[in-house]
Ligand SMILES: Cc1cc2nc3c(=O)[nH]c(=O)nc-3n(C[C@H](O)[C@H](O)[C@H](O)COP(=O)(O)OP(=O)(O)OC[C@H]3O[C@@H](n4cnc5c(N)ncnc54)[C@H](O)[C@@H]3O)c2cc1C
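Below you will find one chain, with nothing else, as C-alpha cells; this is the form predicted on its own, and questions on how it binds or moves follow later.
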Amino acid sequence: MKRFEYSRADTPKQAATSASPKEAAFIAGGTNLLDLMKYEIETPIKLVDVTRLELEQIEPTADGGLRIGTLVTNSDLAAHPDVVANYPVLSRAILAGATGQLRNKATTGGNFLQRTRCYYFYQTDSPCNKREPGTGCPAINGENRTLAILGTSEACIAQHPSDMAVAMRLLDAKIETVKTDGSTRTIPVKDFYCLPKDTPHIENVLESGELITHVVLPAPIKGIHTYDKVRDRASYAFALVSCAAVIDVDDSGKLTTIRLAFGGIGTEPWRNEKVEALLTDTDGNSDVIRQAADLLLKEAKGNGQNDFKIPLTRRLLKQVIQRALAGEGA
C-alpha cells in the first residue's frame, strides 16, 4: 500500500472541500476501498474520514418515503422496521449481499461505489481499460463467466457488483450529494451510473470531491416484493443473475404493477421500463413472458463463458412472474 495523507471531516462541506484533489478519496466502512488500496488498484494520496459526520439517520419524508444517511450501515438499513415493512425488496437484497461482518461496516453511500470484481481488474499485471485506460480488455476473449451481457462495449464487459443498488434502482431512489463549493444536487439512481462505452474508468457522474450525503426513497410500492439471486454457492457470493421485483396482481389475475431490476447481467444495475410496460395489464402467460424476455435481452451479448446468463435470465424472469401470479413471495 502506498503512503497517503489522512484527515477527518466534521461537516459534509468540509469533507468535500478536503477531498477536492482528484487523488483524494472518502473513507467510511472501507470494505472495498482498503482492498483496492492494498492491491494498489486505487492509490489516493489523501483519505478523508467521514465517519464523524451526522449522517447515520433514517428519517421519514413528507411524501411518505425515507431519507437515509450515507453512513447508515448495510446491517442497520436492512433491519430498520420501516425498510422491513415497506421496502422488503431492499432489505432482502442487502441481506443477500455479504457476510454479517461486512454488512456491519459497509455503508449505504459506499455500497453504490463498490467496484467490479472482474478478474482482470484485480490482476494488476494484466491490461484493463477500467484500471488503466487504453490498455485493452482481456476479459472479452478470456475469463468472463461472471461478467456482463448488457451495457457492454468493446472496451469493457465488467459487471456491476452491488445487490443493494439493484433494489435502489427498482425503487426509483435518488442520491443527494454535496460538492466542493458547498452546493448540493440530487441524482436519480437511474442517472447515476455510466455505461462503459470507450471510457470504462468513468463509472458514475460524481465530480471530483463530491460526497454522497443521503439516499431518498419515494413512498412504498404496493405489491409482492422479492429478491432472487442465482450464485455459485448458497451464500456470500456475487450474483450470476439476480432480480429485484415488485409485482401486484388484481383479482382477475392481471399484472397491475410490475417492476423488475437485474443484477449480475449488466455493467450497471439493469432496468428496462419497456419490459415492464409490455407486461403490465396482461395475465403473464408464457407467450407474454417470452416476449418480455426477448425485449429485455434484445441487445445481450455473451462472450463465450458467460453465454449461459442469457437463458438463465429468461428462466429467472419467468419464475419471478409466475410465482407472483400464484401469490407467492421469495
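We number the residues from 1 along the sequence you see. Not measured: the values here are computed from a predicted model.
The discussion below concerns the form predicted together with the ligand, not included here.
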One residue of Ile58, Ala293, Leu279, Ile27 in contact with the ligand, assessed in the predicted complex (non-hydrogen atom, 4.5 angstroms): Ile27
Which one of Ser91, Gln114, Thr146, Asn86 is close to the ligand in the predicted complex, taking close to mean a heavy atom within 4.5 Å? Gln114
Stretch from 149-157, 123-131, 180-188, 93-101 whose residues place a heavy atom within 4.5 Å of the ligand in the predicted complex: 93-101
Is there a non-hydrogen atom of Pro161 within 4.5 angstroms of a non-hydrogen atom of the ligand in the predicted complex? yes
Partner contact for Asp35 in the predicted complex: the ligand, 4.5 angstroms, heavy atom: yes
Taking any heavy atom pair closer than or equal to 4.5 Å as contact, tell me whether Lys229 reaches the ligand in the predicted complex. yes
State yes or no: in the predicted complex, is some non-hydrogen atom of Cys118 no more than 4.5 angstroms from a non-hydrogen atom of the ligand? no
